[in-house]
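The chain below stands alone and is given in C-alpha cells; this is the form predicted alone.
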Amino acid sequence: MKKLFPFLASLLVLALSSFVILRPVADAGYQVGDKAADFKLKNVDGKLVSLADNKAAKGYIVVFTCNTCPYAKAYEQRIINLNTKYAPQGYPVVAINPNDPATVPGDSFAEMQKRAKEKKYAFPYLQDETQQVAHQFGATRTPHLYVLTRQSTDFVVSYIGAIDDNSEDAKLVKTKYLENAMTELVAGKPASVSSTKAIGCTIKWKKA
C-alpha cells in the first residue's frame, strides 16, 4: 500500500496537469488591451463578414448572443438601440451566435435568418459554426459584449462584459456600463470601467 500511494498520487498530478494544458482557449480569451484576431463568419444573408470589411469603422461592438436565451431576448432591443446610436459614430454592432444548433435547434442558421428578418436587424448576425471565434474571445455567455477600437490596422479590445446592470427591465437600469465606456472611447479616452460581469445564459458548446 505504501508503494501504491505515491504511484496513485503521481497519476493524479499528471491528470490534473493534462487538464490544465488541454483547457480550451475559451477559458482565457481576450483581456482588455489585447489585439483581436480578425474572423470570417457567415451572415444571415449568406455572405461572409470580417472585421476588415468595413474600412470606415472606428471599432465594433461585438456581441455574442442568440435566439433562444431569455437574457438575450431581454437585451435584444437594447442591442438594436446600441447599433442605432453608435453605428453612425463609427462603432456598429456585430452580433455572433455561438450556440451549437444540434443542442439548441432554435439557434440554427435558418432560425437566425427568421429572427434577423422579424426584428429587422440593421447589423450582421453571424453564425460561429465551429465556435472558434467564441473560444478566441473567451465568451461564455449570451449576451457577452466586447468593444473593439481601431488602432491603425488592428482592433484592440477596450471593453468586456455587460450592457447594463438590469437584465430584466431596461426601464430599471441604473448604470449603463457599455454606454459609459463608449462615451469615453469615442472621445479617444480609455474606459474608466473597462470590464464588468456578463450576465446571461451559458454558451451551448458542441459535445466533445
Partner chain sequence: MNQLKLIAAAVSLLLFTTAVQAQQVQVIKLPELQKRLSRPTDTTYVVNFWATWCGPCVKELPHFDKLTTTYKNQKVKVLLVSMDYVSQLDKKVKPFIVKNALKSDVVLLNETDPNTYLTTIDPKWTGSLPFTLLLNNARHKRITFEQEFTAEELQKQLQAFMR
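Remember, predicted model here, so these are calculated numbers, not experimental data. Numbering follows the first chain given and starts at 1.
One more form of this protein should be noted, the form predicted together with its partner chain, which is absent from this view; the next part is about it.
The shortest heavy atom separation between Tyr86 and its partner chain in the predicted bound form exceeds 4.5 Å. Not displayed here, its partner chain is kept clear of Gly33 by more than 4.5 Å at the level of heavy atoms in the predicted bound form. Although the partner is absent here, Phe123 sits far enough away that none of its heavy atoms falls within 4.5 Å of its partner chain in the predicted bound form. At a distance threshold of 4.5 angstroms between non-hydrogen atoms, Asp38 is out of contact with its partner chain in the predicted bound form. For its partner chain in the predicted bound form, the listed stretch (139-147, 41-49, 54-62, 178-186) containing residues with heavy atoms inside 4.5 Å is 139-147. Looking at 135-173, the residues that come within 4.5 Å of its partner chain in the predicted bound form, counting any heavy atom, are Thr140, Arg141, Asp165, Asn166, Ser167, Glu168.
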